[in-house]
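Below, in structure tokens: the form predicted on its own, a single chain.
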Amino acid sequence: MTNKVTKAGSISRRRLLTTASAGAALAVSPFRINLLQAEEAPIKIGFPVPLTGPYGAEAQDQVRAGQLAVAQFNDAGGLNGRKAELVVRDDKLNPGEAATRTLELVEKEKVNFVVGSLSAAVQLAINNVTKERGVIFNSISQSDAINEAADFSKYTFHEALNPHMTSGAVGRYAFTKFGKKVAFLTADYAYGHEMVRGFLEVGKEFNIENLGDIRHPLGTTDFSTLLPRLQSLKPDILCISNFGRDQQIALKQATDFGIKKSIQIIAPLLSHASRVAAGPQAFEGVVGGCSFYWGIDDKFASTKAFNDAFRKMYDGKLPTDYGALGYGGVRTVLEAVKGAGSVETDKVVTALEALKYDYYKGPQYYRKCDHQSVQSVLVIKSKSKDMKNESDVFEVLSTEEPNEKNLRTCEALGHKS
């Protein structure tokens, strides 16, 4: 009689063939193909910005710099070989359009994250969609409301300056040098309202006198009935709180009316794209704020590296202020992805909250309570002489270094202490 001995580790030929056949079937099965595709799918960043309309030039700058951040991430190997992709949409500077495009990005394109916006109202519409669906949104446009508890969620981050920071820095500079009597020309939407609120708040420290606030709709092309009324108030300072094409037209017409001869014009925000589009005469002598200027590359190695990379990618061109925000907004998210080793939302949120970074303008970090980027604010003046190159259109007058004291408190924003 033959004793049959079966070893625990042995496998019969029939079982081996059966297992191999099953493995081969799995290898070519739709399930396996879908699994591989999921593993190799790019990390998608939705990027809704107003490519058409009065802020189109700034939006194009945002896209170019955002693409640079993606290219650098991919060139460095991505996330364990997994590459990133920027999925751009035109929000047309319209909250309803922005909500529709963001929903499309989340549900159809299956983006992992959203970065973008160039309007206070539009970014709130984007934020409403992303926070309801648990998608990280890093806003690269100015807003105070997005930091407030009513609009904030743990998925909301704010790479841009906010009006309180910007108007505070410009006001502290201007009210000590140009006088106390102030009149306002204001775009009649959230951005303009928040900027004026910021100026009036900081103005309390200097006992400024508010002579009046004349408001105009977005897209105004004729200020000829408004500027004489402001001029008749005889202010020391005229604060023009609008942006993009509106600002360009207002400054051109203010120059034509001779307002600069007796009144200092300030703006909470001066954009490189607007200054280039309108030319030196319209902006001559105007003082304002910004988040970034390429000319600080003698102060920060990160600025020089950003300038050099942008030049290389875009035929010698230099990055702009809003371009830098596009770069920072995308890069911080991708750096957090690498830090988390994952695209899982909660892990990336944690990594963003822990991020201490210097990618393009000096040190920054996201404040815990509202995810506002704590950063420097530059006070600048338009210039037309002693220019190093065609992009050298501003002089940096002063810098407010990163300081949480220059932000609204967490409690004032409605966050629990």
Partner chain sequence: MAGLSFDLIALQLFAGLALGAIYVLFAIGLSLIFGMLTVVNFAHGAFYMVGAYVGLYLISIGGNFWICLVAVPLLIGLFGLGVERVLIRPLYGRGIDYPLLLTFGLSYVMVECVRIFFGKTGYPFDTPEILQGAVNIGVGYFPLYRLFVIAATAVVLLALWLFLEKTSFGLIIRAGARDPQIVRVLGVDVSRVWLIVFGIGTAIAGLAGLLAAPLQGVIPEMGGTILAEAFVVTVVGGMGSIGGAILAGLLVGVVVGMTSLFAPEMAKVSIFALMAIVLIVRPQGFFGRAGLMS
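This structure is a prediction, so every number in the text was calculated from the model and none was measured. Residue numbers count along the first chain shown, from 1.
The form predicted together with the partner chain exists for this protein as well; it is not shown, and the discussion that follows is about that form.
Asks: Name the stretch: of 248-256, 70-78, 293-301, 334-342, exactly one has residues whose heavy atoms fall within 4.5 Å of the partner chain in the model of the complex.
Replies: Answer to the contact question: 248-256.
Asks: Here the chain is shown alone; which of L86, A145, I214, L318 has a heavy atom within 4.5 Å of the partner chain in the model of the complex?
Replies: Checking each option against the partner chain in the model of the complex, the one that comes within 4.5 Å is I214.
Asks: If the cut-off is 4.5 angstroms on heavy atoms, which of these, A309, L200, V287, V276, is the one near the partner chain in the model of the complex?
Replies: When the partner chain is considered in the model of the complex, the option within 4.5 Å is V276.
Asks: Hey, in the model of the complex, does P228 get a heavy atom within 4.5 angstroms of the partner chain?
Replies: Judged by the heavy-atom cut-off of 4.5 Å, P228 is in contact with the partner chain in the model of the complex.
Asks: May I ask you to state whether L233 is within 4.5 Å of the partner chain in the model of the complex, using heavy atom distances?
Replies: Looking in the model of the complex, residue contacts with the partner chain include L233, since a heavy atom lies within 4.5 Å.
Asks: I'd like to know if L218 sits close to the partner chain in the model of the complex, meaning any non-hydrogen atom pair within 4.5 angstroms.
Replies: Flag for L218 set to yes.
Asks: Using a 4.5 angstroms cut-off on non-hydrogen atoms, would S224 count as touching the partner chain in the model of the complex?
Replies: Judged by the heavy-atom cut-off of 4.5 Å, S224 is in contact with the partner chain in the model of the complex.
Asks: For the stretch 310-334, which residues lie within 4.5 Å of the partner chain in the model of the complex by non-hydrogen atom distance?
Replies: Not one residue comes within 4.5 Å of the partner.
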